[in-house]
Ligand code: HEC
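A single chain comes next, written as structure tokens; it is the form predicted alone.
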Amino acid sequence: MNLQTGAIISLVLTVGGGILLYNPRQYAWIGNQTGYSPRQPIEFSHKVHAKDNAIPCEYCHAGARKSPVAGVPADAVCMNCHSQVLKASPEVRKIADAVKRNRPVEWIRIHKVPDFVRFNHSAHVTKGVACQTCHGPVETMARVEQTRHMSMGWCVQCHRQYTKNPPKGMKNVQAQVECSTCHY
């Protein structure tokens, strides 16, 4: 390592350490939005859909099993049922208007990990990890709320627990804890 490279590394570590010492709480719980439950542009009750009507998560969040992103359902998915059911409801009319105008509803994302973290829904869903493990009891929520703090320590603890004691029906679970598994 030459002198210039050493100086740059030293500067980065000094500045980065100074920031953490100045305000360590700012970085201690990156991703912690526990209790975050914003009003959405359309009132949507997961309780009514997932619990009362027993609609499986993957009906609306079809990407969860085959993609890194579970995704927000397209408005047309809502209209699969609501073109017939409760179509006069003011909330359903908002969705129908969005479809008619060919403009997606601008839902507010609730569960979000930092940009330097990669989370793959399909890797978890295909292994049998229940949606509620990370998202909490969404099927009981009239308005979705982030119930888990989703910190790195929380994720690592879960990975270690699943590797040691996989839930019933899960076999050969090797939940990785190497940095590159989840970090860019």
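Quick note: we count residues from 1 along the sequence shown, nothing fancier. Everything numeric here is computed off the predicted structure, so don't read it as measured data.
The protein also exists as the form predicted together with heme C; that form is not presented, and the subsequent description refers to it.
With a 4.5 Å cutoff on heavy atoms, residue 147 does not count as touching heme C in the model of the complex; it lies far away.
For residue 53, a non-hydrogen atom is located within 4.5 Å of heme C in the model of the complex, even though that partner is not displayed. At least one heavy atom of residue 71 is located within 4.5 Å of heme C in the model of the complex. Although the partner is absent here, residue 101 sits far enough away that none of its heavy atoms falls within 4.5 Å of heme C in the model of the complex. Annotation for 53-90: interface residues with heme C in the model of the complex are 53, 55, 56, 57, 58, 59, 60, 61, 64, 69, 70, 71, 72, 73, 77, 78, 81, 82, 85, 86, 89 [heavy atom within 4.5 Å].
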